[in-house]
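Below you'll find only one chain, the form predicted alone, shown as structure tokens.
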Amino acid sequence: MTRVDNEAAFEKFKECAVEVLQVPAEKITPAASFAGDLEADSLEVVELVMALEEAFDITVEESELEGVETIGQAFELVTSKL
């Protein structure tokens, strides 16, 4: 994936996160943690994953979410499936 594709994918990812998590776009950074920075509970993270699956036309297994605690980790998981 080229840098431009990666940036476009992150913008799409960010749009989903803002909509589902109801947080300002500037809070969606690779280092932002779901629990700490974004105050997202596990249900909201699952809702986000479902939105990302639809937006990117991918499937994410529940087991793959273990250990995913930041926006950056979630984005890597999504882009690894593109």
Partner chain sequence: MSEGRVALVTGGSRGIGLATARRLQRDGCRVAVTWRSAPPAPLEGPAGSEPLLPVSCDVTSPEQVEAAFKETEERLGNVEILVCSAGITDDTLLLRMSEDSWSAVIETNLTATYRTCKRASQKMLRARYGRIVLISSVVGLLGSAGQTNYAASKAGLVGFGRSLARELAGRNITVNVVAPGVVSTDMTAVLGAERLSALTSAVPLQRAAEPEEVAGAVAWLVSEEAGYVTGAVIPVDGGLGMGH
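Here the structure is a predicted model, which means the values were calculated and not measured. Numbering follows the first chain given and starts at 1.
What follows is about the form predicted in complex with its partner chain, which we do not show.
Checking A9, I58, L65, V20 against its partner chain in the predicted bound form, a heavy atom within 4.5 Å turns up for just one residue: V20. Although the partner is absent here, A32 is not a contact residue: none of its heavy atoms lies within 4.5 angstroms of its partner chain in the predicted bound form. The closest non-hydrogen atom of D37 lies beyond 4.5 Å of its partner chain in the predicted bound form. Contact check for E54: a non-hydrogen atom falls within 4.5 Å of its partner chain in the predicted bound form. The closest non-hydrogen atom of D41 lies within 4.5 Å of its partner chain in the predicted bound form. Of all the residues from 61 to 82, none has a non-hydrogen atom no more than 4.5 Å from its partner chain in the predicted bound form.
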